[in-house]
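So this first bit is one chain, no partners, the form predicted alone, shown in structure tokens.
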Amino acid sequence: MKQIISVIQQKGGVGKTTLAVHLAHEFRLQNPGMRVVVADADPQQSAYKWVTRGNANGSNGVTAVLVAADGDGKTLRQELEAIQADLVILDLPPAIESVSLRAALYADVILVPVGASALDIEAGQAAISVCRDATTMDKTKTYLIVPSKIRQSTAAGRELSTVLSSWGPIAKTSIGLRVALADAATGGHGICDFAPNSPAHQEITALAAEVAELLRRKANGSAQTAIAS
């Protein structure tokens, strides 16, 4: 059964596309038979261009499609249903608009990257509100706050998880502000190919394991609900 991960945030520059693409490649690496698609709903099409560039340069396994061209996502459900994949990772635009609301409702797991700056933290609150609404409607759905672009050498970076602790579930893995994650985009690669076993790759691997566990729980929860009904 197809599963969907939506990556949402109100503010740009917090690593939505970075998470979406690198996680897609990591899931494909760990599950060679899995059909993984990045669905790009951002008008800038950064994720789509990243994946397409990689395929042109010989990176295989992950594909990308454009969705929600209307900016509102009025046909997003139908677009997602039409994608032939086992896992779809949906990259959303930097705003909490109707397309992001729909993406949260249609997702099995919602990821919310949050940076350590005051502006990033303030922007994250709107995304968390959307997540809470979506999980209230579907108890088997969950969200995960991901500390993103973190400088562990700063007090703000080290204390971010504590600051976010009252917002909801926080990933055990923080994604650092690492040059390799950005440089991988130049050739369209995932960090697993660009810099395997690097600290950046280790972080993405650890986060992928956390997300995979949430997807398993969602699948089991949905199955139990179906049996009960």
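Just count from 1 along the sequence shown to find any residue number. Since this is a predicted model, take the numbers as computed values, not measurements.
The same protein also has a form predicted together with a small molecule, omitted here; what follows describes it.
Residues placing heavy atoms within 4.5 Å of the small molecule in the predicted bound form fall in a single listed stretch, namely 179 to 187, out of 24 to 32, 179 to 187, 57 to 65, 165 to 173. The small molecule is not drawn, but in the predicted bound form it has no heavy atom within 4.5 Å of K141. Put simply, K149 is close to the small molecule in the predicted bound form: some heavy atom of it is within 4.5 Å.
In the predicted bound form, the small molecule lies farther than 4.5 Å from every heavy atom of G221.
Contact annotation: Q202 falls outside 4.5 Å of the small molecule in the predicted bound form, judged by heavy atom distances.
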